[in-house]
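So this first bit is one chain, no partners, the form predicted on its own, shown in structure tokens.
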Amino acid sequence: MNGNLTRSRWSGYWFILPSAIMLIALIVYPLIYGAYISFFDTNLTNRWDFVGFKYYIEAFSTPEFIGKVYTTLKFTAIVVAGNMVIGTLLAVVLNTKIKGRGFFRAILIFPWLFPEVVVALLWKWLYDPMYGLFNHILLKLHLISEPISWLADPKVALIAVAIACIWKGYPLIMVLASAGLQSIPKELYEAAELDGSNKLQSFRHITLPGLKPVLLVALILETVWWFKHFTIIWLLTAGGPVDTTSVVSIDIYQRAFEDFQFGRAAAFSVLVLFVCLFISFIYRKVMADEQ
């Protein structure tokens, strides 16, 4: 009897063992190894000079890294705000009884299905100062007198990159908000209509509170995702011009694979991890308080 109980108790551990091994190999080990090499000045082969917390202190004491964190926060705020507003509004519009609703849903979700490399190349062509569509339209409408170098002008480069990322990211919010709208009872809208509420008041007092749990989760996912984003920014500007789009992820990549400063890059990566954990903690605390 005792032997059967023991085998039954251990059988559960055997079932989760493959998943646990994969988790340790793909997530836990890289995290620990990354934190380990952040304490060394190393080329990952024959030089392992222990430097302690030198790179962490350097990160907080040099304005260069703090400036890149500020650029990353600014980029993240623009993209997340754009995704949340556009995605939510489109979900609300598509939740009404408009003609061709299924067609528009299929079309509007396309950007989410494209690989990030394809999105970056597409927007690189749209922004091209010589052959790009935007300059062509603006010149035809006589809104500008000469082509704009969208990705080479420090004044507009960050906004231009953020717009491309918003185009890629809003469909996720639209899908999540559309699912959340299905959980709001129709009776609430009927009661509000009987009380004389207009569409804007119904949206403010019924739709937004009903979507709040979904939007808060989406806000966490979006913030963490875009804070560490790399692909589209790198392919569009590679961090330029004059570092105006040089976010933390690009700085880490350049230090590791162009300057071969693996220890410094690992230290900055650990700091990004803690920033993402801090953002998640803040949002989760806000969500717990709301509940």
Partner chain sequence: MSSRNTKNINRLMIYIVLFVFSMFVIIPVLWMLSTAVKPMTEVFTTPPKWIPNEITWEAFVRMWTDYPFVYYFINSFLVVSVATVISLLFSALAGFGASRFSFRGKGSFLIFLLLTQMFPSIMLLIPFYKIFGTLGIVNTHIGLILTYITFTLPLCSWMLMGYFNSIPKEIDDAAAIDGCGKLRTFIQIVLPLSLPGVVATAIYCFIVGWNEYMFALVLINDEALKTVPVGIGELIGEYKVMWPDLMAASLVATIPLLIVFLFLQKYFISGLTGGSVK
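Predicted, not measured: the structure shown is a model, and the values here were computed from it. What we label the rigid core is the largest C-alpha set whose atoms superpose within 1.5 Å from one form to the other. Positions refer to the first chain, counted from 1.
Omitted from view is the form predicted in complex with the partner chain, to which the following refers.
- Heavy atoms within 4.5 Å of the partner chain in the predicted complex belong, among the stretches 69-77, 201-209, 121-129, 153-161, to residues of 121-129.
- The partner chain is not drawn, but in the predicted complex it has a heavy atom within 4.5 Å of Val117.
- Proximity of Val242 to the partner chain in the predicted complex: non-hydrogen atoms within 4.5 Å are absent; the residue sits far from the partner.
- Contact between Ile220 and the partner chain in the predicted complex is found at the 4.5 Å heavy atom cutoff.
- Among residues of the shown chain, Lys99 is one whose heavy atoms approach the partner chain to within 4.5 Å in the predicted complex.
- This chain is drawn without the partner chain; in the predicted complex, the residue among Ala191, Leu94, Leu138, Ala81 with a heavy atom within 4.5 Å of it is Leu94.
- Comment: the partner chain is not present in this chain, but in the predicted complex one of Ile57, Ala238, Val51, Leu44 has a heavy atom within 4.5 Å of it, namely Leu44.
- Taking the partner chain as it sits in the predicted complex, the stretch 260-275 comes within 4.5 angstroms of it through a non-hydrogen atom at Phe262, Ala265, Ala266, Ser269, Val270, Val272, Leu273.
- Val117: CA moves less than 2 Å between this form and the one not shown after rigid-core fitting.
- When two forms of a protein are overlaid on their rigid core, residues whose CA moves 2 Å or more are considered shifted, and Lys140 is one of them between this form and the one not shown.
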